[in-house]
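We begin with a single chain expressed as structure tokens, specifically the form predicted alone.
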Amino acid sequence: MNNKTAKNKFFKSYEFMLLCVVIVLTIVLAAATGGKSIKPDNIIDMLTSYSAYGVIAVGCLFVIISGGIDISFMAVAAVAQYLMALYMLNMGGNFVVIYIISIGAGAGLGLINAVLVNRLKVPTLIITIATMNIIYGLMMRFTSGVRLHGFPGWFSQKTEASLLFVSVGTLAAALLTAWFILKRTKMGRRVYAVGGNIEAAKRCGVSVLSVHLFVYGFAGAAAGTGALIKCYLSQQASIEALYGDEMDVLAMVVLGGVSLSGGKGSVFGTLLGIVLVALLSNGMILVGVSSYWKDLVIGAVILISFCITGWRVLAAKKQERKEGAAE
């Protein structure tokens, strides 16, 4: 594919349309807030505040591309956050250790989801809703909902540099890792293959179990990493810290153009989805709109995105039928 063809393809893509929406929304919000939305301090605050959700959204992207839907990621994040916090309070440690604990705990729970999805052969939505409730129930039983705080100085004494590194730096690393896996590795191609047509992928020798283990493990690791960021920003670990924010994360991925039937999605699209949700949420706060309206707007945007996605799928099928009839 030459450069001209690649450019034409990009200008016709959903990602380009979404990029235009982001640019227009940025201009509108800047005008509506008297320039407050584009001030450096607000931009930094917005990036740091939504970085945790962005990292979790990157993990969720892998699951949806593979043809599944994971609702348990916030429960997984809660476990990883609590374990990380307990270790800091009792053992001390450092950033390397707590990253390993968060990623390891999240990946471990993700692997449980993968085995259940692969073996039970029931909709992934049902399985992950069940595991979400089981995890939250067990966490409440063993922790009684107690919040953990009072962390060591190396974790609690934040600087502007450390804040950006832990939040935005981690999000950037997650996006680059996801892009490399999906675009440059065999596993990335297998994830798309399983999501596009699982039976065809099996006939080509793809191990569906290995793909499930990878995508749900990766999603769990991303959830654990997002939990670490959230804990660093709030300086407390709580079961309810991320509870109820599932829709924001799903909105980021869905708005990024991922196909809910699997087999399609991009890291760039997800990045734009993250930016769009952050702009909407931050902009509505700046203009003084109630938080209740934020949920309504996010829900409406998701619904519109579903409609657009469905229309595009139907249009593609119609075009395929026309081409088939012409041949």
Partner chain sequence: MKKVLSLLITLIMVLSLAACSNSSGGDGGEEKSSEPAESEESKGSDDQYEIAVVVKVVGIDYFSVFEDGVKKFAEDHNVNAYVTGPSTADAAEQVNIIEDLINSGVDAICVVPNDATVLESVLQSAQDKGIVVVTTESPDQVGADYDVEMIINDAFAELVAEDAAKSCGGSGEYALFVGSLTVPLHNAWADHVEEYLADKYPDMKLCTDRIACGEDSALARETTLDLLKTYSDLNCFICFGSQGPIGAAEALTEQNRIGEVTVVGNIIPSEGSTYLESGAITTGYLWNPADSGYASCYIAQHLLDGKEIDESFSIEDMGDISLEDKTLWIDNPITITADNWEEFGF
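In this text, rigid core is short for the largest set of C-alphas that superpose within 1.5 Å between two forms. Every value quoted in this text rests on a predicted model; they were computed, and no experiment measured them. Positions refer to the first chain, counted from 1.
The same protein also has a form predicted together with its partner chain, omitted here; what follows describes it.
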**Prompt:** Since the chain is shown here on its own, which stretch among 235-243, 93-101, 186-194, 217-225 would lie within 4.5 Å of its partner chain in the model of the complex, judged by heavy atoms?
**Reply:** 235-243
**Prompt:** Could you tell me if His212 has a non-hydrogen atom within 4.5 Å of its partner chain in the model of the complex?
**Reply:** no
**Message:** Can you work out whether Leu286 and its partner chain are in contact in the model of the complex, taking contact to mean some heavy atom pair no more than 4.5 Å apart?
**Reply:** yes
**Request:** Tell me, yes or no, whether Asn42 is in contact with its partner chain in the model of the complex, where a contact means a heavy atom of each within 4.5 Å.
**Result:** yes
**Request:** Report whether the minimum heavy atom distance between Leu163 and its partner chain in the model of the complex is within 4.5 Å.
**Result:** yes
**Request:** Scan Arg119, Arg203, Lys158, Arg141 and let me know which has any heavy atom within 4.5 Å of its partner chain in the model of the complex.
**Result:** Lys158
**Within 4.5 Å of its partner chain in the model of the complex: residues from 21-50 (heavy atom criterion)** = Lys36, Asp41, Asn42, Asp45, Thr48, Ser49, Tyr50
**Asked** If we fit on the core, is the Cα of Ile69 displaced 2 Å or more between the shown form and the other one?
**Response** no
